[in-house]
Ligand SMILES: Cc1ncc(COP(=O)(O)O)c(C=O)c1O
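The chain that follows stands alone, in the form predicted alone, written as structure tokens.
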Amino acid sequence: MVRWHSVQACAIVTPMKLNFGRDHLAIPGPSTIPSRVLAAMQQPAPNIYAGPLIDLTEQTYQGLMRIAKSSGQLVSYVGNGHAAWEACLSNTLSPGDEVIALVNGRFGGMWSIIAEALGVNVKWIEAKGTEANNTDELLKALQADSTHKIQAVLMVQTDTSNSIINCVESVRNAMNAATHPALLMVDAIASFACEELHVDAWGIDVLVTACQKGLMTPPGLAFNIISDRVWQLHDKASRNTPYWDWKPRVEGELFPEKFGGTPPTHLLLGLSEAVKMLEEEGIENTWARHRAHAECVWAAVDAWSADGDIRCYISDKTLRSTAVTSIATAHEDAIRIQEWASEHTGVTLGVGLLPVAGAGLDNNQFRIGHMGHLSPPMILGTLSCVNSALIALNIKHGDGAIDAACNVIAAY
């Protein structure tokens, strides 16, 4: 005889949430990875000494140089943007050398600190985090250097800590006006394939960038794009080491020599697909798309600011990056907005960063990254989720933000 036993199940009641779709990462890098890039990486490990990977990498590098509008040479490293900074410095400078660093954000300061750690004497020309690089002070400093002790000028095109954009052309014009031979080194980690960039036309001697932002590839590849002028400093740079050295990466006969060892095979496969996507779109169109999405964000924030304490950190629109927008709030509302958006909508907003190098988080700011693989549904969805957070948290704000953002999209 079979006996049936009744077991009373205990129901576990959890709060209903809406974020059961795909989460969205709205931080300023790593950026959203396209499905095509992910698919390109899903294959067995390739031969690193011969075969398709070598040709594919060469084609990818040529594409990167077209995107950068450069006729120089590209050197790559297994690393992040900090690795690209150190590679640039190690290949050109020695302890006791002098450089000028134009600093108006956290990352310009961090690059300068790395230079100081290598024994370089860094003259900081600082501006407020809401102001452009001080080219007047740069011109004076270069003109005063009659013996040409200053070897280089360091600047950041887009500093993601405060979302400011600096004009590379203005810096080069100041250097030319001073008739000074210093190299121009530009951090384009956050701006590459997002902001307008002309390496040759703007006289950039070393461009520093990485793959995890506008290039839409998982973090792990760092690049230096170099002009012929770098070799005059390279050959006497005493901080250079076998790993950082540009020469074997440029001249190496074996493919692994170009990476200081085993190449990052699957990152190269992914990057190749990302570069194809950018060239299919056309880099000028890519720049225009980034501007459209940026203006969409600015329109929404401007509407919120009409009746509240939320605003774009950079008030001057001509100084705002099209890759990221930093948004200022009051009373640590930024933290509340980030937490609510993540928990209730699955949108991860960028944390606020204090502008001083080495400092911590700014609880009165959050950032929206609008770089890389992004479309109107993604950016409008992010803004709608922030708008929902403002309503849910009873944070005072102006109305009409989403309509304002939609109007920008409609105008394009």
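Residue positions are given as counts along the sequence shown, with the first one as 1. This structure is a prediction, so every number in the text was calculated from the model and none was measured.
Another form exists, predicted in complex with the named molecule; not displayed. Remarks below refer to it.
- Just one of F107, W298, W202, W244 comes within 4.5 Å of the named molecule in the predicted bound form, counting any heavy atom, and that one is F107.
- Out of the listed residues H82, R229, K123, R289, H82 is the one that sits within 4.5 Å of the named molecule in the predicted bound form by at least one heavy atom.
- Screening 146 to 154, 115 to 123, 188 to 196, 312 to 320 for residues having heavy atoms within 4.5 Å of the named molecule in the predicted bound form returns a single hit, 188 to 196.
- The named molecule in the predicted bound form is approached by T160, whose closest heavy atom lies within 4.5 angstroms of it.
- When the named molecule is considered in the predicted bound form, Q212 lines it closely, a heavy atom lying within 4.5 Å.
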